[in-house]
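Starting off, we have a lone chain in the form predicted alone, written out as C-alpha cells.
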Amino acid sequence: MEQTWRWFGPDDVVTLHDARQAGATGIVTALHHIPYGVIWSVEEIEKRKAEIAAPGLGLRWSVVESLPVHERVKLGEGDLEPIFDAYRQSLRNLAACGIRTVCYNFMPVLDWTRTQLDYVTASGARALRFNLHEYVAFDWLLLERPGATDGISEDVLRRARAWFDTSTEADRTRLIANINAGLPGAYDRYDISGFRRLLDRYKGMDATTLRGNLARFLKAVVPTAEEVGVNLCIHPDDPPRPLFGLARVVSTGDDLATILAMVDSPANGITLCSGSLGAHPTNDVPAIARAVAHRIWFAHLRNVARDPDGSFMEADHLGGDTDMVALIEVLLTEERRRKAAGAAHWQIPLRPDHGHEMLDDIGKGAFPGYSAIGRLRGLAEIRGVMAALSHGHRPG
C-alpha cells in the first residue's frame, strides 16, 4: 500500500519535511482556501502540486481530501446544477493534473464530532474522545433541542445532568468549542444560537431523504469521474450514529453496499475508515472491508476503544476494538488481486489517522488528531504489520 500523510497546507504546523521523515511518499490534502462550490482551477491545483513536489522531498499529491460537497447538495436545496457543474469541472481539472483519487463525505453540518480533544491517556499522551454523556449534555441542556433525550438511557441522562450541574462556564465554553471543531474548515465557529440555526435547515429531513440527495449527487458526478479516470471515495460517518437530530447514511456495511449500488461504476468507491466504522458496536470492520474491497480506493487506518454506553476514544493504532492486522491483510489481499489482474493502479493509498498528541508535540497547536509523532508511531506500526504479512508473498 502507498504510505501517505495528511497535510493541511502551508499553515499546518506539521510540515512536508515531517511527513517525509515519517516515511510517507504520498500527501493527502485539499485546497482548503477555496470556498465550497467554487471550481478548483488547474492553476491552483498545480501550485499545490508544486509545493508538495519541491526538490528534495520525494513527495507527490496522492489523494484529495476532501473535494467538499456543498451543504445545499445534502439539503437538496434549490437549483443544484451550477454546483454539480463546478464539481464536475474540478474533477476534470484534477484529472488533467494527474490526481485520480478524491475523498469526500456526506455528513450534514459536522465532518466529525468529539467532546474532548485532549483526553489524557494512561501513558500521558492526549487523545480525541467522544463522551456520550457530554454530547447529551450539549444537545439536551445547552442546545435544548426537542427530542434530544429520545432513546437515551436513564443512566446517561443522569450523568449528563450531573455534568451540566457541576460544570463551570469555562467547561461549557470548552465543550461548545470542541463540538465546533468538527465543523468544516470553510465554516465560521458558532455559539448556541448559531448552531441551532444550522440544524434548523435540516429540520424534518430523515435518512431516506438524505440518501436520495446522495444518490442525486452521485448520478450527477460519477459519470464525469469515470470519464476522466478519477475514483471518488465516500468517507463513513464519524461517529456512525445520528447526532443532533441529523440523519446518517454512511455508517454500516449495508449503507456502503447501498451507496455502491446507487451508481454501479468503479468511480463510485469507498474510503475505508477503520476508526469511523469501528465506533459502531455491531460493525465488523475487516468483514466490511472484505465485502467492499473491490471499491476501496483509499484507507484511513486508526483504532477506537468503545465503552458500553456508546462513548469511545482514539486508541493506539494496534490497540482498540478493530483487529488491525486482519484489516490490513484484507487490503493487501485486494492489492495482490488487482495486480494479478493487470490493474494499472493497483496500490491502495493509506494514511495513519488520528494519532495521539505525545512527547514534544504536546501543546504545539496541530490540528486535533493530526500531530506528527503520534501519526509517525501509527505509520511505523502499520508498516511493520504490512512487512510481516507480505513476507511470504515476496517474489523469488
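Here the structure is a predicted model, which means the values were calculated and not measured. Numbers follow the displayed sequence, beginning with 1.
Heads up, the form predicted in complex with a small molecule isn't pictured, but that's what we're talking about next.
Think of it this way: in the predicted complex, the small molecule has a heavy atom of just one of Tyr119, Tyr190, Tyr104, Trp140 within 4.5 Å, and the residue is Tyr104. Of the residues given (Arg129, His133, His300, Arg295), His300 alone sits with a heavy atom within 4.5 Å of the small molecule in the predicted complex. Stretch 64-72 is the answer when you ask which of 64-72, 327-335, 341-349, 42-50 has residues with heavy atoms within 4.5 Å of the small molecule in the predicted complex.
Put simply, Phe195 is far from the small molecule in the predicted complex: not one heavy atom of it is within 4.5 Å. Among residues of the shown chain, Arg248 is not one whose heavy atoms approach the small molecule to within 4.5 Å in the predicted complex.
Remark: Phe312 does not count among the residues lining the small molecule in the predicted complex, judged by a heavy atom distance of 4.5 Å or less. Proximity of Asp353 to the small molecule in the predicted complex falls within the 4.5 Å heavy atom cutoff.
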